[in-house]
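One chain comes next, on its own, written as structure tokens: the form predicted on its own.
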Amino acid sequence: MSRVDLAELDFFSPEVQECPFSVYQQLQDEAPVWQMPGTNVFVVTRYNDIREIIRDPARFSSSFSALLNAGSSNEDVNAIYGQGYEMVETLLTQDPPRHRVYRNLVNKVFSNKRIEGMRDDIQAIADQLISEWIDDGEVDLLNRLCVPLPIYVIADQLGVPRSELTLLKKWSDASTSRLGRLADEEQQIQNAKDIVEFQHYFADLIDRMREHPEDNIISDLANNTIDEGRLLTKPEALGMIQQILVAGNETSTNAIAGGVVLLIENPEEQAKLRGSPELIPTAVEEILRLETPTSGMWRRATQDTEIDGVAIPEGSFLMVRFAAGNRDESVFPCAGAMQVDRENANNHMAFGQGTHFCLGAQLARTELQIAMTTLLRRTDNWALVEGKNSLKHHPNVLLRGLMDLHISFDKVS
């Protein structure tokens, strides 16, 4: 493994983000709490340090919306956002105890009991999608299964017609691109247009649900009350819907696609899984560990403090790198290797931990279990289609997902 000069390292460059694993290991070995040169940003890569930070909201706040929503230097982008609604802190960028006020509104939607009750519906969607191309012998798996499966599921829960898949995916992609902070100016303009379009679509839907309530997430958010019995404001409701949309599909899409590639690249592990399907739940945790669709998240130091002996001044930003912690050799021996029967695979931090543990975690697990089980049961002899796969990932500081995935396969009789 070639070492890089940490004094010259641009950690958030597209090149590093595309293939970061050797950099993660070097940082863990040499500077596990590393200050990016010339900045007040610290990158944290060891499992135990990350765990300490995300479990201590008093010292390390999630209130970093100013970092995410900083105005663009492009006046056209700012003008477009001016046609929409202000972005306010609700779930992702809110600290206790206020965070709990908003979290309580959506916890029941993603409860384990409710998710278990959705299994038959998720299975039906998976089978329907696969049946559409099962006789073809080759498929654009990303767009014919990995994307539509979780989008259909979250659309049903939101109360949006499945026919709006294209719109929902476009809006979700725009939200994650903005969150990822690596979009060029052209993409920033398109993101702004898409997000404002999303806001107006759901603002109208909130109005309709307040007049005629239904049994779905939008109606619940439109009509449930907080504080002294007031309704959510439009910006509050829209912020929560946007985060639910992203949490409800991006993790699943990226984990399913990444998991298939891992099993193609590790045929012995795939054979083990086909021979022992009871290992699927453990294999799903191992996929989440290795893929870590949410690669990292921000925290802000609320006071002068330290981590692992490194001084962290008040106001500094910390990038807690879940994807690095999930490959920490001190916690996961042979961390870069896929082991579908790894005993401690579920110790991963793909969904974070503590107060901000991903609200869609159980839904993502269930979708991934069903997708993998159904693919393995109905298809065999997977291979990447030559000439159609870049296996590159969308440029994004926080999220990691493949841009394409075409596979060939045999139909199982």
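Keep in mind that this is a model prediction, so the values were computed, not measured. Residue numbers run from 1 along the displayed sequence.
Quick note: we don't show the form predicted together with a small molecule, though the next part is all about it.
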Next item on the list: Consider residue 358 of the chain shown here, and say whether it contacts the small molecule in the predicted bound form, taking contact as heavy atoms within 4.5 Å.
Entry: yes
Next item on the list: State yes or no: in the predicted bound form, is some non-hydrogen atom of residue 57 no more than 4.5 angstroms from a non-hydrogen atom of the small molecule?
Entry: no
Note to self: in the predicted bound form, does residue 27 come within 4.5 Å of the small molecule, counting heavy atoms only?
What the structure shows: no
Note to self: Residue-level question: is residue 77 within 4.5 Å of the small molecule in the predicted bound form, judged on heavy atoms?
What the structure shows: no
Next item on the list: Have a look at 199-207, 227-235, 169-177, 246-254 and name the one stretch with heavy atoms inside 4.5 Å of the small molecule in the predicted bound form.
Entry: 246-254
Note to self: For a quick test of understanding: in the predicted bound form, does each of 379, 382 and 406 have a heavy atom within 4.5 Å of the small molecule?
What the structure shows: no
Next item on the list: Quick one: from 92, 260, 145, 323, grab the residue that has a heavy atom within 4.5 Å of the small molecule in the predicted bound form.
Entry: 92
Margin query: I need to confirm a contact call. Of 350, 53, 370, 345, which residue comes within 4.5 Å of the small molecule in the predicted bound form, counting heavy atoms only?
Written below: 350
